[in-house]
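One chain follows as structure tokens, the form predicted on its own.
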Amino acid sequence: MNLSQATALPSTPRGDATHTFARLVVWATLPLILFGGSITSLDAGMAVEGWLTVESSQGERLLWLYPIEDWFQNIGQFVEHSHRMVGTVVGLLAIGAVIAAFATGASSTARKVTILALVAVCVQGTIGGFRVLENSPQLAFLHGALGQAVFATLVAAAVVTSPRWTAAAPVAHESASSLKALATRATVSVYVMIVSGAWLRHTNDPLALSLHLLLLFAVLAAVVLLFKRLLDFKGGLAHLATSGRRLSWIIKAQVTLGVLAFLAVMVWYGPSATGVHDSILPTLHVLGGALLLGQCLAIRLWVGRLLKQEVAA
């Protein structure tokens, strides 16, 4: 087929409330990941005791009534309480996406994916709460590893609720099946590497570091091959090429951040950060992992939506 003549992806109509809320959830989750990563980097997971009701200098308070002077008392309390407050915003926006999906008569798929996103956010928040109540390192690891999967779920909701997704028509292509398999492999390998990174950050286990570095080669092989194959798409399928270029930028930035984070932890500052200056690089590396995972999953979804296997004559 002539890719330049394909018209699979019309321009996005404006004003879709469900998609707007879904995108806002994704954007709000980015600072949530930054604050969450900072908590691990600074070992500030118990800086504010309690969950829905928390301990403060003025006694027990509801989470949302935590005294501002305690909030800004030190870096640990600031990042811990900020993480919880941004998490509240993410939860409210996820509720808004579900309400919008039903109020505006969105498709059954859009309703289901917004509900799934809300459930994922609630489960993640609950695990985070019990992590504090139980002071559990195991739940801290689970909260960190699962958080990236939740972010990917939110990205999927933003993709599937897009009017462009609804309007797109699949185009027959000889490489549809292989591209789907490659995008799936890239997504899975990135997430497995993220889990190994969470294991490393929460335990400083040398075995976790070895596994993390070993998985780097599998991730690079899958991601590089994926974005190179996507760059050839043109015309109505140019969105795939754009996604491929975005993926190439993210993987380059993530590898760079990984090297800098390794130097920060192993050479410059040591594994125990004491301030923003020595926690920022590992934390940004965590955010980079989330963006990489989200982009790989978005590409997998779009490849499945825009391409169908061409049947041999």
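The first residue of the shown sequence is 1; numbering continues from there. In this text, all values refer to a predicted model and were calculated from it rather than measured experimentally.
Form predicted together with a small molecule: not shown, discussed below.
Shown alone here, V286 lies within 4.5 Å of the small molecule in the model of the complex, counting heavy atoms only. The closest non-hydrogen atom of G129 lies within 4.5 Å of the small molecule in the model of the complex. Taking non-hydrogen atoms only, A241 never approaches the small molecule to within 4.5 angstroms in the model of the complex.
Put simply, L247 is far from the small molecule in the model of the complex: not one heavy atom of it is within 4.5 Å.
Listed stretches are 81 to 89, 177 to 185, 96 to 104, 157 to 165; the contact stretch with the small molecule in the model of the complex is 81 to 89, by a heavy atom cutoff of 4.5 Å. Residue-level contacts in the model of the complex: of L230, A152, V219, V171, one residue has a heavy atom within 4.5 Å of the small molecule, and it is V219. For the candidate spot formed by R23, A110 and G235, no residue has a non-hydrogen atom within 4.5 angstroms of the small molecule in the model of the complex.
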